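Given next, in structure tokens, is a single chain: the form predicted alone.
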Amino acid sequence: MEELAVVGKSVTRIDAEEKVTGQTVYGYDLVLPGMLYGKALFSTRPHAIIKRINTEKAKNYPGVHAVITGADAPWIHGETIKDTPFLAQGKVRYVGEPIAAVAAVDEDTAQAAVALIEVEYEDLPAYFSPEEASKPGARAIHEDYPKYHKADFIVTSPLPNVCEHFKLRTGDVEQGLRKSDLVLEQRYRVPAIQHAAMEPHSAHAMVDDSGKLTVWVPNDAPFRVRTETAEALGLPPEKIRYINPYQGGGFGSKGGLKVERIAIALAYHTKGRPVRVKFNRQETFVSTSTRHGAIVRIKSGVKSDGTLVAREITIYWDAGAYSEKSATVCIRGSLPSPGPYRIPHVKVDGYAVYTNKPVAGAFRGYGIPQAAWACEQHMDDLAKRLHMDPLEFRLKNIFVDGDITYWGEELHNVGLKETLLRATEAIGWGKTEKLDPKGFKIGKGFACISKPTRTPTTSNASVLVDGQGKVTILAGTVEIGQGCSTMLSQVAAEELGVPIENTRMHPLDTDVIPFDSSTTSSRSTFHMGNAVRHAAIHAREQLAQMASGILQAPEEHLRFSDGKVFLKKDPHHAITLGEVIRTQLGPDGVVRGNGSYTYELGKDVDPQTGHSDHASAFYMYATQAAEVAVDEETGRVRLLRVVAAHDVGKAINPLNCVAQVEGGLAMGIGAALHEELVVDNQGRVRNPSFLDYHLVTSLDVPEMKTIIVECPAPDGPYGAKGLGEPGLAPTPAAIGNAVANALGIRIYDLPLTPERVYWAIQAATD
């Protein structure tokens, strides 16, 4: 195989200059001619019947163009369960649910009019724990759940308020536990946290004279949200257009219909004028989506030599008031929850449960961080009781090539063992460090994960080469800060033999760009990378056919490099790509290459057993290790260093890979030590801003080391696969294990705040 010219190199990001010089226009910055400004009224009750809404004062306020309620926007949406109104209809289910909206000449006028809307409620019982909400006898939060339209894979439950029940059944767990030498059962808790993207949520919408709806919004899945919108409004998809400005971070929050639905509802009442709805930070915190809080119960059986025999897991996923992504988070998070280990007897029950809290949705890791927090700490506790080294214990049971998973899939190209060995070696596992002179307790810990990607999905792309030899890539992958534009440009440049500076990404517009499933689930490098590669090859084949006649040589004797086509045996006999096109197609000629990629599954996940012979296009493997210093007097945990080893298949841009992992590490550190969305017993979020919600800062981030492991995925572009989510997923568990190693006591609930650690120390010494 010839050496790659662009792929595998740490090139500068193609959008770097535009962003650092402030030229980039993000969705929150966008101003459209003649636009109106929208504001929403939000529920102040967690669960209540709306007895009356009076909007007359708001409608008569000077400068107001439209005032709407649920009666004016009678639409219901949902990706897998259609349960969510554009505006509350008849009742509210959480504090922060949008009830009414106003469009006015400016934001101040819109906000003043919102304050004039009067709402009368009749309170209903509210539930803030998924365990409590699913107990027999609990009142239904969604009385019409049995009537809701649901995706075919949804599994219902006789338990109250359960919107999805995932089941995995392998072997005989009870028999396995009986045959085990040691049985351990523990309970873990992971709170809801916020995505905290730098850019809050916003959307612009307009309905033109023909009835076509156009939405300008930074959304990570424009084609999927177009479908969701079309189904809700009863329109054909071609009557809906989504245009994506740049997105200032999302981490899963900017998908589906959130602020979009308010802008769309208003646009139908503003007589052809565009309307903008911008959420402030508090509204973004409460009224968009959060990460799922989870309660995880694990019971494991193991032989005295460390062989895992049986594992039973029950997970309660806190869906919040509406299902959003909860069904698929429940499935994709629960499936690998027993960990990346050989276990003959497995039973998993995952319950996604409605509560009267803010809606939970997709979040970087898609359920894996919650499960890993429980499973990886549980593994360390098992090793401790067996008097085994945690590394030795994992190496005895970890997935390797050729293993059959507990869901029935044979694994290949598994780089997990290498990530485990390299991360633990880099942290100095097994080596005793000198005690901190201040008397801190020093500890080390690590955790590993395996993560699937959403499968099956499809990506389409086109690559255009013009008469100047410039390359334009049409791809539906959304640049959310992860560097996809650069990665895709590298792929196109590699196949066409052009300098990367000669490539550009076309702005994302569903009327122009070929279909892509979504920019989620770490799927873009694998799926869209393949699609762009195929499109570039298609364009190159056309160019080779044209150049063959010009150079009077067979196509197989031609080579592409540095923006030229030349004879392999005579590099001086060359012609530029632009000249090829101008000669054959004229000065305005364009060569278009098209490509598509769909990874076909074998048997999909069985809804009753959880089994599949091919549940994912590829699996991501990672190990994180941490060293901490814990102050016993205050409970403060100080990170000394963290190491991350990731199997990326093939690093298309190594520098970008490191940046992705480091960003994930920082998010994981925040989730481990600081972050929790606090909801009181009235359903109110008590810390909905950066003043009270503690994000990780530069002072919290220690020395970080990233180790790139390349275990090529045969179906990936050049062997590459995804890596965006694993940087976060095992980090809290690794830190939790390090704290336990330092103190000799286990803390089962996140986050590891000084207060929680202090009281755990006090309880252990009483």
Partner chain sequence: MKRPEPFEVFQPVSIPEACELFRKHGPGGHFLAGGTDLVIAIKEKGLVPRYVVDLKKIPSLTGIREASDGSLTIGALTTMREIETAPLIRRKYPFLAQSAAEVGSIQIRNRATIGGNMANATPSADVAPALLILDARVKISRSDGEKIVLLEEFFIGPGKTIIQQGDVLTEILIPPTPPDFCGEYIKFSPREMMDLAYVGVAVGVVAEGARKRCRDARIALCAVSPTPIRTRKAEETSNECKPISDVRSSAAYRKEMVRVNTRRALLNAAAGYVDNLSWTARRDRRYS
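Numbering follows the first chain given and starts at 1. Since we're looking at a predicted model, the values are computed, not measured.
Below, we turn to the form predicted in complex with its partner chain, even though it does not appear here.
- Contact check for D715: no non-hydrogen atom falls within 4.5 Å of its partner chain in the model of the complex.
- Shown alone here, H142 lies farther than 4.5 Å from its partner chain in the model of the complex, counting heavy atoms only.
- Among heavy atoms of Q89, none comes within 4.5 Å of its partner chain in the model of the complex.
- Looking at T634, you'd find a heavy atom of it within 4.5 angstroms of its partner chain in the model of the complex.
- Checking 567-575, 625-633, 402-410, 491-499 against its partner chain in the model of the complex, the stretch whose residues place heavy atoms within 4.5 Å of it is 625-633.
- Against its partner chain in the model of the complex, the set T457, H534 and E541 makes no contact: no member has a heavy atom within 4.5 Å.
- Screening V512, A71, V590, V678 for any heavy atom within 4.5 Å of its partner chain in the model of the complex leaves a single hit, V678.
- This chain lacks the partner; the member of K135, K147, K438, K179 within 4.5 angstroms of its partner chain in the model of the complex by a non-hydrogen atom is K438.
- Counting a residue when any of its non-hydrogen atoms is within 4.5 Å of its partner chain in the model of the complex, the hits in 740-762 run P754, E755, Y758, W759.
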